[in-house]
Structures are given as C-alpha cells and as structure tokens.
Ligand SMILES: Nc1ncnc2c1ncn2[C@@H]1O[C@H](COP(=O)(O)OP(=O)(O)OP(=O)(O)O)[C@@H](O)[C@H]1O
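Just the one chain here, laid out as structure tokens, in the form predicted on its own.
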Amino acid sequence: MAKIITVASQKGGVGKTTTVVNLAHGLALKGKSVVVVDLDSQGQAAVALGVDQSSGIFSALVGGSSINQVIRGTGRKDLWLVPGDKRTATAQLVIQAEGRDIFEALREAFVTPWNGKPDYVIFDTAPSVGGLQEAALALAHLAIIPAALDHLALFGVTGVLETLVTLARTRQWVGNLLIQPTFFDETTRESRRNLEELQHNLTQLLQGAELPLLTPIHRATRLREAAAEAQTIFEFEPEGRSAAEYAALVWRVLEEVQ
C-alpha cells in the first residue's frame, strides 16, 4: 500500500512546491516509485517538472476519469505526476455542491486505485483552509509543513497544526509530522531570530512533545535557477549544498514512513 505524504502550508511563498518536487525526485533516486498529485490550482508542480499542465485533478475527482487516464510521466525513472490547473479549485466547489465527502472523493481517486505501486503518493496542496488540503492531511501517513523563516513563518505552521489537531479528534488521524524550515540565511540576524522564535513557539504549541523541526534549507539562487530550467536540484546541481539539504529530508522521510 502506498504511503501518503501531504505537504501543506496556509501561507504561500514558503517553498512548498520546491519541497514537493525535490523530495519526490530524491525518493525516486533511492529506488522508490513516487506519484506527485498536484492539488494546488496554480499547477506549479507540472511547471517545475517540465510537464504540461492539465485538468487531471478535475477529471479524476469530478469527471470520473481513472488514475491511468490522468497520470503522466515526468521523464524521470520512478517519478510520475497527476497534474492540475485552475479547474482544481472548481473540482472542490463541485464536490461540495453535490454534497459529496471530499475526503472520500480524494481517497477513491488517488489512494485506493493503486495495485501494489507506487511506494509513495505526495500531495502538493494549495495554501488554503479546509477542503482538499484538509482531506489530503487526513489521508497522510506523514504531514510536512514548510516554514519560510520570515516574520510570518509561524502563521502558516500554526494553521496546519490546528487542522491536524482537529483531524486527530474527528478522524483519529495518527500520522507523523515534520516541519521543514526554508529560506534560511545564517548571515542575517532576522533569519536566525525567526528560527529561534519558531523553535520556541513550536515547543509551546506542542506542549512538550518531541519537536519535529528539521535542519533548515538555505535560501539559494540555485534552487530558483533549477526551477526555471524545469529541473530538480538533484539534476541541476547534485553536488551542491541545496541538494545535500534536500537529501537529508529524503533520508528523514524514509525513516519516518517505510
């Protein structure tokens, strides 16, 4: 059975899709079969992986298309994508208007159809509250929250944590959680201070539970350049610092969800 990883934030511009595509390719390079399901209506996972955007999410959730009809190759071994576009947001509205359960719709479309493969399904979610993001979190064996180290970093983290608390109570969610700081710059006082504040506030929010905070990923021009070339960092600069930092995330995920 595929392990479900959901990458979520309720704040945009935190490196969410960058984290999704580099994690997915890193897992594929470790011999794991991976499908990225792009639930963000901006459809940026397709752009980042050099795949044409399409209404694959809408077709699967509303149009009755099978997974085999909407999945696309990425040109990379063991890595596939179910792309989305602006109609993804419409799919959520249609499901709600029809009185269907979004959790069940998402599970039936992207979790239950697999026959042994893939090893991982990674949901890239929109920075929103409720709807598809909440359903994807409810399905997750592992939730990853990217946290940009700016003065609003905690906002997006807190929102997702509150959603997970609600899911634990209402749907008995028992998945694992990782928080991945991004855009770290150790040369600036603000970045260091924001990381310390994030650590402090998370300790209070989690009330003494083990802190799921990972080593920060640095702000890097090379990550932007890789995205512009529709390459992952493992293709663009495999020996660089950013690749090493995302490789550390890959290893942690392998430890968390076998």
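Throughout, we count residues from 1 along the sequence that is shown. Remember, it's a predicted structure, so these values are computed and weren't measured experimentally.
Not on display, but discussed next: the form predicted in complex with the named molecule.
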_Stretch from 187-195, 223-231, 63-71, 29-37 whose residues place a heavy atom within 4.5 Å of the named molecule in the model of the complex_ = 223-231
*asked:* Going by heavy atom distances of 4.5 angstroms or less, which of Pro127, Pro113, Gly131, Gly159 would be at the interface with the named molecule in the model of the complex?
replied: Pro127
*Heavy atom within 4.5 Å of the named molecule in the model of the complex: which of Gln42, Ser59, Gln53, Asn201 fits that? Just give me the one.*
Gln42
*Taking 4.5 angstroms as the cut-off for heavy atoms, does Trp80 touch the named molecule in the model of the complex?*
no
*For Lys16, is any heavy atom within 4.5 Å of the named molecule in the model of the complex, or not?*
yes
_4.5 Å heavy atom contact, Phe183 to the named molecule in the model of the complex_ = yes
_Residue-level contact is defined here as any heavy atom of the residue lying within 4.5 Å of the named molecule in the model of the complex; does Ile217 satisfy this criterion?_
yes
